[in-house]
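Take a look at this single chain, the form predicted on its own, given in structure tokens.
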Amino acid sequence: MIDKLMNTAVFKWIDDRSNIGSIIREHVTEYPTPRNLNYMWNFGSLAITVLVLQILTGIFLAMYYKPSAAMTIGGYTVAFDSVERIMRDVNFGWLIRYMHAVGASAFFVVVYMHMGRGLYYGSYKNPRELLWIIGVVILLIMQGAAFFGYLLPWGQMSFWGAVVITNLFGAIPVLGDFIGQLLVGGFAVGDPTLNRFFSLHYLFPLLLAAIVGGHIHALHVVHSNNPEGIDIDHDKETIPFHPYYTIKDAFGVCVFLLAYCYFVFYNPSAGGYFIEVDNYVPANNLQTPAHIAPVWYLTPWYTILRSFESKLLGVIMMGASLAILFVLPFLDRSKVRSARYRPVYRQMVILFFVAVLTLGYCGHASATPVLKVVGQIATAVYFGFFLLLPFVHKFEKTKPEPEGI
């Protein structure tokens, strides 16, 4: 279909004036790709698919949403009432909102899987360090967009979640109170906070789309890694991206959409993981919920935060847990990329994945003495992975790598 489109008179007219044909051939149709990529490489295209869905549904929701904490005649806030109006009165408003809510979780699922694949197969190593760093920037922007959007329904859980997180800035010496007031727009979460968060939540996905473009450009400069983690002969061991991987990615998108549509139509709250039950209750600044926790995709870092008695130390360690991702390419000094040929590293990666899942569970569940200890152990394992990484190559006996794929 792409070839037929490029042979039309209209496309040739545009190509003569923009050279878009050579760009498409270089970066899409004829882009050389390793011939042994498995389905773990589908999560990159899935992430782009979900990002487009999130931007489109977000634009439609913004047409009807009103970011105001003022009270209506019925006793609800304008923001909460506008969400209810979207759900009940706007044609297919319920569908758009559920697509956006489920899409937020889906976005983090595919991005976490995408990063996990990169971690396992060593896609962060030379010459792809910048590619990994841009990916971490994308993750941080995603988390910021998710946090800002979390407050917008102005439900009980979203309100108190924002109160807890914004209060953390007060633990930062000297500038903490100033940063907190700048973000909140005053001394407490209220109408100015809601307007700020709405503006930033709308801005961040557009910023994200631009950085994703830079991420793709960086990928096409250094080319894709492969499951073997070896450098390949681009003349003999690659195939064109189209039609081979466009068909493979399209199949992955279809499978993803089956799961996505199931949650959108049959289980949008996913047992409280996607949309908390408390968020169907209007925010009440005089009644604190019994259990305050962020959405599941932020809970690993929330667990790290509350694993320390000192509030300042918790904030520092939570920030360090994200900042350390930037230096990962420089910590791993092994010449072998893929965990297929690194037995010790493979066990470390699997243990790291288990630690992240454990942190996520502990952050979403009610705090108990046992879960606090479990969270502290998982936090130690999380940081231990990065701290041990510079020394693994000294004692790890790697398996021989293949000469080609």
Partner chain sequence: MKHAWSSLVFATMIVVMPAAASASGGGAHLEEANISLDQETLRKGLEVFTDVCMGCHSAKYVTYRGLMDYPEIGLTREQVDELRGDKALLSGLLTELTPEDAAEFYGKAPPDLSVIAPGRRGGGDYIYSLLIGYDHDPKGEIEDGNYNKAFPGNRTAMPDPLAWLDHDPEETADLEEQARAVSSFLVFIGDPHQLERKAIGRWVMGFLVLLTLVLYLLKREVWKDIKKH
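Since the structure is predicted, the reported quantities are computational estimates derived from the model, not experimental observations. Residue numbers count along the first chain shown, from 1.
Just so you know, the form predicted together with its partner chain exists too; it's not on screen, but the next bit is about it.
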Quick check for you: of 185-193, 132-140, 86-94, 161-169, which stretch puts a non-hydrogen atom within 4.5 Å of its partner chain in the model of the complex? 86-94
Please tell me whether any heavy atom belonging to residue 120 falls inside 4.5 Å of a heavy atom of its partner chain, as the geometry stands in the model of the complex. yes
Would residue 74 count as a contact of its partner chain in the model of the complex, using a 4.5 angstroms cut-off between non-hydrogen atoms? yes
Is there any non-hydrogen atom of residue 372 lying within 4.5 Å of its partner chain in the model of the complex? no
Wondering, does residue 302 line up within 4.5 Å of its partner chain in the model of the complex on heavy atoms? no
Thinking of 125, 218 and 391 as the candidate spot, does its partner chain come within 4.5 Å of a heavy atom on all of them in the model of the complex? no
Of 331, 203, 239, 212, the one that lies within 4.5 Å of its partner chain in the model of the complex (heavy atoms): 239
Residue among 367, 40, 377, 344 with a heavy atom within 4.5 Å of its partner chain in the model of the complex: 40
Judged by heavy atom distances of 4.5 Å or less, which residues of 247-271 approach its partner chain in the model of the complex? 247, 248, 250, 251, 254, 255, 257, 258, 261, 262, 264, 265, 266, 268
